[in-house]
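Given next, in structure tokens, is a single chain: the form predicted alone.
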């Protein structure tokens, strides 16, 4: 019994993967055996869709409809297509990893910022181009998109170039365009972090989720869930989960990890206990109807490739697996929330030594809509 089979009656289980994971046979094998969904960790963010060279070479031609490239996205989409595994799209609009030139007249950072109408046209055509390409070339592969990421900060809307140029209806406009071009059945999500904090929870609900739901523009909310061994209090997390769930939207846990800089057996056992408590909360909410959790995605496959070690500037051991494919105690703790412990078989990862060596990486051919 693996994660994906154990949790199939309740929700998809996914993992974020990087280019590195995609080109290591053992990593691909681990993903396909344990998970039913995956997210591209970085390569489907705005900076990788917007074709800098093409736009800057002919800004008059592309001033209202930016040139796009899918070089970085295609390997993930091809992998998903060839292996019959679903994808979450992450992310269409974000203040981070969107190039500064995109907001300026003539795509020239030394020029003034473009006006609202220009940026609305760029935003619409960018979203249209991405969704059209993915849905035409890879129909049915991406089941959900994070349309807007992390728009709330410091007690209100985050002060970004998106808001400066378009205004605070930027979020609504992004969802309007996404709804216009999304294929039937593709779910649209707002995604954010620290979502158990009361002030942030309330603002997300009042300023984003309720207005978008009332206009039929959103299908779900993404609770990132980058948490630590002590924060947040999981009862506060439970309260927030149920409040979001009460809106009738799908809930995705989109970027799950639990920062733990201590690799000792005792500390890793506590990591498992925290995962067990968290998954118990998710399952109870699902079973009781208090929150329609339909997907849970871990942010990376195994400890050695976690983003947290760089972000926290200390080695982190936050996930369920090691780079060898070996299961940690946290893996068995998560399974214990849906299986009787006596029915959980030890996980043995059958991969050859050469499978842990990265394959040569070749750039995908350039394609544009």
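Owing to the predicted nature of the structure, the values given are computational and were not obtained by experimental measurement. Residue numbers count along the first chain shown, from 1.
Here the subject shifts to the form predicted in complex with ligand GLA, a form of this protein not shown in this document.
- The closest heavy atom approach of residue 94 to ligand GLA in the predicted complex falls within 4.5 Å.
- Using a 4.5 Å cutoff between non-hydrogen atoms, residue 228 does not count as a contact of ligand GLA in the predicted complex.
- When ligand GLA is considered in the predicted complex, residue 295 lies well away from it, no heavy atom lying within 4.5 Å.
- In the predicted complex, ligand GLA stays beyond 4.5 Å of every heavy atom belonging to residue 160.
- Considering ligand GLA in the predicted complex, the lone stretch of 22-30, 51-59, 334-342, 38-46 in range is 38-46 [heavy atom distance within 4.5 Å].
- The partner is absent here; in the predicted complex, the one residue of 189, 177, 299, 76 having a heavy atom within 4.5 Å of ligand GLA is 299.
- Put simply, of 280, 98, 224, 137 only one has a heavy atom within 4.5 Å of ligand GLA in the predicted complex, and it is 224.
- A shift of at least 3 angstroms brings the Cα atoms of residue 98 and residue 312 nearer to each other in the predicted complex than in the displayed structure.
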